[in-house]
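One chain follows as structure tokens, the form predicted on its own.
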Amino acid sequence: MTFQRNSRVHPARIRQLNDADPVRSGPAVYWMSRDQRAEDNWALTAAIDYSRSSGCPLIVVFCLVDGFLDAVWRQFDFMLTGLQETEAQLHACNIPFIILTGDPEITLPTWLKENRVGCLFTDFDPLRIKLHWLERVIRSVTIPVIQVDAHNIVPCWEAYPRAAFGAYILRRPLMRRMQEFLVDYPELPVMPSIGFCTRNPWRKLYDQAAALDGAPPVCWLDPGSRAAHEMLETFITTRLDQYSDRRNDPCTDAQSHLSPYIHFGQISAQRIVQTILASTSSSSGDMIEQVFIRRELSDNFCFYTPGYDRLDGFPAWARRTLDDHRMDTRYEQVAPERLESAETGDSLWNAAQRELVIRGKMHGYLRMYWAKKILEWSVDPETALATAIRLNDRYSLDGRDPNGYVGIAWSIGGVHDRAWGERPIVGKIRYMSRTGASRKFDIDRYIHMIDELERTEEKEKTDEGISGASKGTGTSNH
């Protein structure tokens, strides 16, 4: 394939999704979606290489969809601020960046035809709605559509040909091919100017985001690629050595806080792994297990399991055991609205939910406990799964992500796990209790920390208000 021969990108990372031939007189377009960054982006590199070899101009397009999978002001604010930074980096390289609004399956083909585009590049995303958009775009155009997996270190379609039962299945092929794909990123070149001048309506986009119902932007985490790289450096120098021993303790700050940046594609997982490998920390292996093996396992599951967010995505043993206990008495049944407002009889669960609402992030260990309790308190497994996904996607900065869907499916449906001892309601699904959590960390201390966080948040709202976080400014105040 000519797109592979003329590119600095590993050929296994690139695949053409249709049989069309390029229109040599038209511009090349990179439809940026999941990987929202200019640097360290193999999809952009492939588009640049094609542009240079064919002599055609290059344009980057991003499609902004209102209300994407329950995303609210918080997530749109984080994304828009990162995209503004990406726009500036692309413009410094003479690459136009255009934001289209509306469903990509409608707006993108129309724009491509109006601008007589000759070839379309895009990045990889295993989520069902993204695959649907891509399929509809392919059916609507007569130009080549080239997909590049810029998100995974080992391309998802190369790592394993079907859904892996667990990390132990995927770990070996991933580790065997890791070095093959950990090649250095090329620097972004300055492209010839094509005189394509655009002005994206940032102020209007921020106003529309601020008008959405939902949680406001967070103030403890700055968006964008620059902030992502600073967070990575801070993590390696101050927290990585503690990661192996203290990552399951929510009372300590031992986590990387990189998941929102990875979710929005503001930093590449490959860059994170290369930087960690260059360190001398004894915790490097555990961090690579999370950011490489476990994260790519989630992509594998969602890519090969269309029902990743439904009960039919659970393994057969888990579906059977949940059905066997469907009619069990729920000793405590909590309505979804009471869960959202953290009004349960479990103060630990309430604290975890309040942290999610306030910070847009929940500690990984607590997210497992949080989801399993939702299963215990819901009228049936379907309600539990839908409730956990809705709360996660509404409040978490890294919601609507394969990691989130798989984490919830592991907790509620035994995905990537095995059958355990049988219990009421949860059947053979792995059980987690408050007593077990108390052996991991100081529960009272954690609850006190969240109480303090909530008081601080309320004081800031009283003193300053929240309406000026980004509304009407055209920029984000983080």
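In this text, residue numbers run from 1 along the sequence as written. Owing to the predicted nature of the structure, the values given are computational and were not obtained by experimental measurement.
Another form, the form predicted together with a small molecule, is not on view; read the next lines as being about it.
The partner is absent here, but in the predicted bound form a heavy atom of His263, alone among Arg239, Lys361, His263, Arg295, sits within 4.5 Å of the small molecule. Think of it this way: in the predicted bound form, the small molecule has a heavy atom of just one of Val154, Ile272, Met79, Ala371 within 4.5 Å, and the residue is Met79. Residues placing heavy atoms within 4.5 Å of the small molecule in the predicted bound form fall in a single listed stretch, namely 124-132, out of 225-233, 177-185, 310-318, 124-132.
When the small molecule is considered in the predicted bound form, Pro250 lies well away from it, no heavy atom lying within 4.5 Å. The small molecule is not shown here, but in the predicted bound form it comes within 4.5 Å of a heavy atom of Gly399. None of the heavy atoms of Ile288 is located within 4.5 Å of the small molecule in the predicted bound form.
Put simply, Phe68 is close to the small molecule in the predicted bound form: some heavy atom of it is within 4.5 Å.
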